[in-house]
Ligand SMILES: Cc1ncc(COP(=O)(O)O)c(C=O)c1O
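One chain comes next, on its own, written as structure tokens: the form predicted alone.
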């Protein structure tokens, strides 16, 4: 039976690597999972007021289909949140999705034609490339400077008549870099000059450490910005799958998307209603858990960075999210960074993700570590990594 050619280019290294972990686990050995950015798997728990709102919704029979575009009360709360960050958005320009991933899928489906090129910072979050390729497009990586700023000259050199959109992921997954206002302004200016859509992912907007977070709305003006965000990370609702798309209400160039993206929302019927009701409480209820979470993450980040530096493994200090993207010298020891990650797993039980899974151009020669686990688990993982490195290098 024939299989669609579209699926061949779909990759998701973060979960694809689990196939190797299952083989290792079958031997009965323990695995320390440092591959998936799911805080709820560790000691970050969904706040009680959000859980109560979900249970109450279910028990009060709020279990039917809601509007395809999203629960009106939630869209209003989202508008208020994003407006506070400086983004100009009306309720009618908001679509609630089943996680940011569905929002990205809808966006790529709406703007990518065969041959279209989608510019993205290297390294990038894998679904950006996979969805671009799925719809016949081509991901094009542009370079970042050592300090995490976008390399404007490199970006400009890669723009062609086929360029369709520019992606911004800040804070970045996998590097934890955070773009400052000047960098965001430069990217908006380039997108405006070349008539490109801007897809901006701000899912980690509240998980920022040593610098101030600037939302794309501060510089967007009338640029065709498509903002993606959700509740998985900051509100610890990963398994609940709730996200949203916001279209810049100041942009007249988004009229086509204002008509077409809601069609995709209607085709998939609606997002989960009880979860949307809980998401309203996430935005309007207590935010106290966020500062506690950030404080924990700073301690864990600093510990892992200190240990990696002591091992001689080069890594930049992340300024947001909960990932570290160290560089590893594979020459003469491993075929590539994926073989390093598999060898590390098979020898220690520590599961990370190979950097090339986040883009071969700028991700190769790296690996990604999630530093969400409690300190004692991170210490155990770092001890194992250090012994492995001392043996192999």
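Source: prediction; values computed, not measured. Numbering follows the first chain given and starts at 1.
Not on display, but discussed next: the form predicted in complex with the named molecule.
- A residue is said to contact a partner when one of its heavy atoms sits within 4.5 Å of a partner heavy atom; residue 99 meets this definition for the named molecule in the model of the complex.
- Using a 4.5 angstroms threshold between heavy atoms, residue 241 counts as touching the named molecule in the model of the complex.
- None of the heavy atoms of residue 301 is located within 4.5 Å of the named molecule in the model of the complex.
- Contact check for residue 203: a non-hydrogen atom falls within 4.5 Å of the named molecule in the model of the complex.
- Only one segment in the set 303-311, 81-89, 182-190, 228-236 has any non-hydrogen atom within 4.5 angstroms of the named molecule in the model of the complex, and it is 228-236.
- Using a 4.5 angstroms heavy atom cutoff to the named molecule in the model of the complex, all of 169, 173 and 323 count as contacting.
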